[in-house]
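Just one chain is shown here, as structure tokens, and it is the form predicted alone.
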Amino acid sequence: MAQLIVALDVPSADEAERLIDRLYELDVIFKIGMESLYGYPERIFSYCEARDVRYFVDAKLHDIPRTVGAAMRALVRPGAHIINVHALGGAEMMRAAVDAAHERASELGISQPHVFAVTILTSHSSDDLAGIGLAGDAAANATRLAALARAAGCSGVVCSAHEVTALKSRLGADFLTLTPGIRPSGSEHGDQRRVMTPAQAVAVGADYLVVGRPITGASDPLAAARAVLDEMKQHA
């Protein structure tokens, strides 16, 4: 069953906490992204843990293996369900992240969070990829990086919903996919290029769907989140 992740990409801790309170009754995961991590990290972690909600730390770690391992240790906490790294950091870096997550979770006596690897950002077009020196289209690059991530011990990847079918076919149904760029029917795409509706993403087999502004920017975030969940259930 696919799960909904709500992106808490808001500028203040007060706003983030209000959104958690409004959506608390739903079985959703909250994404703590860079805006929160750099703006109010301890407060948002503590609030999620006090509310006993699961969260996805969208840190996109990308550095030398030792530095990424140390950062991963600092991010493993109760409630952390997923923490991500950049697959472009390479196999050794990803293995360091997975090992650090396992070791730290064991020390704390908590469940080990999934380590996911970001493949190709959903805001990137073919021209963008060529501009940074990556040959081939987004699907080819995502597949190559996903195979590297699986070999390094990652639980899954962050990818466009357009790549899910090919990745599952090559790497197995148990290799998890987390898909940003999900836009409910009728909503604007914003800065996302490769998008799908919630129903379409579930139909192709995505495991986690990230939705931000269509929920957090709505006049009634709870109703908007329920509408997304209802749309997801159409193809469950």
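In this text the structure is predicted, and so the values were computed from the model without any measurement. One rule holds for the numbers: they count along the sequence shown, beginning at 1.
Beyond what is shown, the protein has a form predicted together with cytidine-5'-monophosphate (C5P); the following relates to that form.
- In terms of contact with cytidine-5'-monophosphate (C5P) in the predicted complex, the residue from L129, L148, A139, L121 that brings a heavy atom within 4.5 Å is L121.
- For the residues A206, V211, C48, L167, the 4.5 Å heavy atom test against cytidine-5'-monophosphate (C5P) in the predicted complex is passed only by V211.
- Residue contact check for A97: none of its heavy atoms lie within 4.5 Å of cytidine-5'-monophosphate (C5P) in the predicted complex.
- Although the partner is absent here, P180 is a contact residue: one of its heavy atoms lies within 4.5 angstroms of cytidine-5'-monophosphate (C5P) in the predicted complex.
- Contact check for V158: a non-hydrogen atom falls within 4.5 Å of cytidine-5'-monophosphate (C5P) in the predicted complex.
- Not displayed here, cytidine-5'-monophosphate (C5P) is approached by D9 to within 4.5 Å at the level of heavy atoms in the predicted complex.
- Heavy atoms within 4.5 Å of cytidine-5'-monophosphate (C5P) in the predicted complex are found in one stretch of 121-129, 69-77, 148-156, 87-95, which is 121-129.
- Residues from 55-73 that approach cytidine-5'-monophosphate (C5P) in the predicted complex with a non-hydrogen atom closer than or equal to 4.5 Å are D58, K60, in the order they occur in the chain.
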